[in-house]
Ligand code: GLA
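Single chain ahead, written as structure tokens, the form predicted alone.
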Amino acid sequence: MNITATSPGRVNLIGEHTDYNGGWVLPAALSVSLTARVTFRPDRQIKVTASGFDGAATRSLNDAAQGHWSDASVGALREAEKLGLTSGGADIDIVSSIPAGSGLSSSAALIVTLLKAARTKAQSALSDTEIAVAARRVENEYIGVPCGIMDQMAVAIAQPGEAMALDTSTLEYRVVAVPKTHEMVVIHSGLTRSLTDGRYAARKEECDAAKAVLGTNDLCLLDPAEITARDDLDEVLRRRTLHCATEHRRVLASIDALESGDICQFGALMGASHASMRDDFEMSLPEIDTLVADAVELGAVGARLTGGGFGGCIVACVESRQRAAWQEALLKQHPNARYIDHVAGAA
């Protein structure tokens, strides 16, 4: 049986590293996407070809993760088997316009796409939310990336051009309209990164250490003033916790700002978010800080690093009628950067 399925990439407008700390996030689906053509097999062999990677990877459904680009495909099919959707391997052909290492959820898009293909094969009633939760298990338990649920929920449910206000503690969400007057522009910094390189995991471990000291799994729900007053947190854990608590509040304020049409406030919150990622969570890089600063200097209402950090993309809120000139000027100043996509409000 041949099945073709597609999932979008996503950009997180605000709410970084809050999704595994009990907070809210505000991702949006992009028009860049990943499509997989899947031919299910009766044996346990998996053959994967992908645009951007030379040759085919031949794996077994029995394989452990190997740190290889094909791990996501193997993990997705292993999860599909556990869910009773499949009972064998597959030939998989992947075509993607989502840049790898960009922080735009190419891995989540692939896993969700394969699980949706398996759902179609099985004619299962599994919901998109259940697909997202299963896709996170693949990342956490098979690949070994301690990510939260934001990426999977965004690519499994949101449609291109939609922003999703998501409570990651309950998985309740609602669509938030992007203003017609502005565009959320995604610019790749030119610096690639991988969630498996250890720095993302280190931040997760620091958050877990703070949770142990503070006796809560929901760092985002703590009062920033109380965090500052605690004398049983070392300085690094205090700053990590402060980022989580203040970023959560910035997400809630950003949702209110977008829904009320206060774009100036939304831009200010983007700037505060980037400062917190740079100073308290220490997940930015000097080149990205310069790119963000120049984006604002050239006319963006606000800009920030987006994604897991340590490379990848920025997202900037730019007035629609100024976007072309703004983008040309920014890329002229940063020749290694490049335009990826943008999210615009419905006309």
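Computed from a prediction, not measured in an experiment: that's the story for all the values here. So that there is no doubt, residue numbering starts at 1 and follows the sequence shown.
One more form of this protein, predicted together with alpha-D-galactopyranose, exists but is not displayed; see below.
- Contact check for Met150: a non-hydrogen atom falls within 4.5 Å of alpha-D-galactopyranose in the predicted complex.
- In the predicted complex, Tyr142 stays away from alpha-D-galactopyranose, with no heavy atom inside 4.5 Å.
- In the predicted complex, alpha-D-galactopyranose sits within 4.5 Å of a heavy atom belonging to Tyr200.
- alpha-D-galactopyranose in the predicted complex is approached by Gly307, whose closest heavy atom lies within 4.5 angstroms of it.
- Judged by heavy atoms within 4.5 Å of alpha-D-galactopyranose in the predicted complex, the contact stretch among the candidates 171-179, 232-240, 150-158, 84-92 is 150-158.
- Interface residues of 15-41, taken as those with a heavy atom within 4.5 Å of alpha-D-galactopyranose in the predicted complex (partner not displayed): Gly15, Glu16, His17, Asp19, Tyr20, in sequence order.
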